[in-house]
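Here you get one chain, nothing else, as structure tokens; it is the form predicted on its own.
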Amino acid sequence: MKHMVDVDKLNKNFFLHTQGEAKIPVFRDFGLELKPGESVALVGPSGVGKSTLLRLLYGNYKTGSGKILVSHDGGSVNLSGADPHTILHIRKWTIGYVSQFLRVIPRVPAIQVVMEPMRGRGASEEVSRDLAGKLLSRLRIPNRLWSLSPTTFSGGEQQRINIARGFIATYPVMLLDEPTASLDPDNTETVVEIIKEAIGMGTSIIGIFHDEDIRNRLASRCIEIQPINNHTCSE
């Protein structure tokens, strides 16, 4: 079976430039395979590198060595060393990412933030706005907030904007970093439903779910990440 993501002999170190170039090893010969439609949960101690791995898979961090192969556009692309244009194309069509933090341009209305992935794919303003509105309503973001910048929202509201933006378009692969953090029980349940629907449509998931019940409901298997030489890194 063709893998959606295939990580082989991944090595990554961080260097503390303010502390004499001290080296913190994060991954050493790490491997991971993600099959189509599979949902994998990353587990391990806090600071071991779970969020770092998601950022590597999204192209935010450069690898030290090794391969990160992604099934994209009918072929296979090695993210390690891929040029910025290729990484952006992969982000537009193949890999979606819901991080723990909302990063947006100030003063851009919340509904425009959610619409952006669809507009980036060439969808019309009308179609994009309709899809965004349905997701925002489902995630209990009041209509009166849609025209406001989400930088003014609460943590839970910002996380729901993150979810709506991440799931408005369909991606073959989704990276989820604590998607239910800061959410109340009702919204947590809605987000779990949205993720399960994406899995049912064939999306492959790599996620971090610290809530054991949610992890058991969403993940088909777990991959444990262990510290190297008792070192941990800031995630």
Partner chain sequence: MCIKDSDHIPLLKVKSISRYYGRRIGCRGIEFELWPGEVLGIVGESGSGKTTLLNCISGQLEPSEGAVWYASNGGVIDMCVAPEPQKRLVMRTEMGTVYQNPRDGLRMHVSAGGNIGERLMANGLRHYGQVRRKALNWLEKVEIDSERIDDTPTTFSGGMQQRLQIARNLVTGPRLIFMDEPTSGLDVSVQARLLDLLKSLVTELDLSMVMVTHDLAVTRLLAHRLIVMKGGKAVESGLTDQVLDDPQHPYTQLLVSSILQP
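Keep in mind it's a predicted model, so treat the numbers as computed, not measured. Numbering follows the first chain given and starts at 1.
Keep in mind that the form predicted together with the partner chain is not shown, yet the notes after this line are about it.
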item	value
Listed residue (N60, T190, S182, S65) with a non-hydrogen atom within 4.5 angstroms of the partner chain in the predicted bound form	N60
Proximity to the partner chain in the predicted bound form, single hit among K196, R28, R55, H210 (heavy atom within 4.5 Å)	R55
F153 within 4.5 Å of the partner chain in the predicted bound form, heavy atoms	no
Partner proximity in the predicted bound form: G81 to the partner chain, non-hydrogen atom cutoff 4.5 Å	no
The partner chain contact in the predicted bound form: P142, any heavy atom under 4.5 Å	no
Partner proximity in the predicted bound form: D73 to the partner chain, non-hydrogen atom cutoff 4.5 Å	yes
Heavy atom within 4.5 Å of the partner chain in the predicted bound form - qualifying residues of 101-127	R103, V104, I105, P106, R107, V108, E116, R121
